[in-house]
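For reference, the chain that follows is the form predicted alone, supplied as structure tokens.
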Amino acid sequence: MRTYFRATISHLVLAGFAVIALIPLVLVLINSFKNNSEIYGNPFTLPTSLSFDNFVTAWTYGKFAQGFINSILLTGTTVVVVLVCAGLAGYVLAVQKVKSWPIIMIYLTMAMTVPIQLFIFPLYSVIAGAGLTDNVFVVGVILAAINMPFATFLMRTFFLNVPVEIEEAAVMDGLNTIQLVTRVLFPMVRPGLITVGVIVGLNAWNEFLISSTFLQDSSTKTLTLGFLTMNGTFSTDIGTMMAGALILIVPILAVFIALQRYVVDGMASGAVKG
């Protein structure tokens, strides 16, 4: 009975947290189909009709078609660069193939504590001087560099969980370093790669500060920037803003739901060693 009681309490607490997390999303979904009078009248009631006018207006004025393409390119560039570089760096630091690896770990720890706002102006000066502003791929590399310390730390923990005997057996079979990493080690730490990819992808998709600084042209604005440009014109049109917010969060929410099992497994296995 005591075990059953504890399990019931735990499930009730988790259900309460789930409801608290879902209420804002449900309100956004419901009110995205309403006009202003319905929203101000009662934002908690269901819409009287399923009108998609708010979505059409948000899609048109927010330039979400181009924003989708730019966001995908930006997020994809960030994730690919982080997975390749952090994966290799995590492997090297895990097996301590570099003599100065403690200093590198200290440097990465310090890098995670320094706010990016301190480097905005000198970074913009360098990028602008090289004529690389309004380039989605350049911004993707910048975001990858920002996320690299955390991703390297996380990938290192996954490589620490790989038995040394597997690496030794692969080397004895004649595999070189590239073959060892790509054919043996990376498949074994796939949950870690997916976890890092999802976390970094979420950060890149929702990023505002770096994107708004380096992407000034309307043709290079991401989905997030397109949504925020609607604040001035549609700040009083709550229904349109809700529709734009729904368009913004649905793609990344769908990806997270599809990969959540791998993320949970990856976080659990990556927490074994540190």
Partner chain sequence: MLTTLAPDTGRSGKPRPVPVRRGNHFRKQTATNYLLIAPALLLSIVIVVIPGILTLLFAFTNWSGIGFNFDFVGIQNFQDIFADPVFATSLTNNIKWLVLFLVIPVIVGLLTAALLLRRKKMRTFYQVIFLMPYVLAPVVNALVWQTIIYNPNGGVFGLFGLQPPTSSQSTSLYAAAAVDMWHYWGFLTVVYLGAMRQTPVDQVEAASLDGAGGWGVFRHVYLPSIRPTLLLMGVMTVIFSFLAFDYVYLLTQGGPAHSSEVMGTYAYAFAFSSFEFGKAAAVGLIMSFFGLLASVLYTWISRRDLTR
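Positions refer to the first chain, counted from 1. Think of the rigid core as the biggest set of C-alphas that the two forms share within 1.5 Å after superposition. No experiment lies behind these values; they were computed from the predicted model shown.
What comes next is about the form predicted together with the partner chain, which is not displayed.
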| property | result |
| --- | --- |
| Heavy atom of Val79 within 4.5 Å of the partner chain in the predicted bound form | no |
| Met112, heavy atom within 4.5 angstroms of the partner chain in the predicted bound form | yes |
| Partner proximity in the predicted bound form: Asn35 to the partner chain, non-hydrogen atom cutoff 4.5 Å | no |
| Contact label in the predicted bound form: Leu74 to the partner chain, heavy atom within 4.5 Å | no |
| Val136, Ala89, Leu154, Leu193 - the one with a heavy atom within 4.5 Å of the partner chain in the predicted bound form | Ala89 |
| Heavy atom within 4.5 Å of the partner chain in the predicted bound form - the one residue of Leu83, Val184, Met105, Leu132 that qualifies | Met105 |
| Sequence-ordered list of residues in 11 to 27 near the partner chain in the predicted bound form, where near means a heavy atom within 4.5 Å | His11, Val13, Leu14, Ala15, Phe17, Ala18, Ile20, Ala21, Leu22, Pro24, Leu25, Leu27 |
| Shift of Ser218 between this form and the one not shown at or above 2 Å (CA, core fit) | no |
| Core-aligned C-alpha movement of Phe52 between this form and the one not shown, 2 Å or more | no |
| Shift of Ala65 between this form and the one not shown at or above 2 Å (CA, core fit) | no |
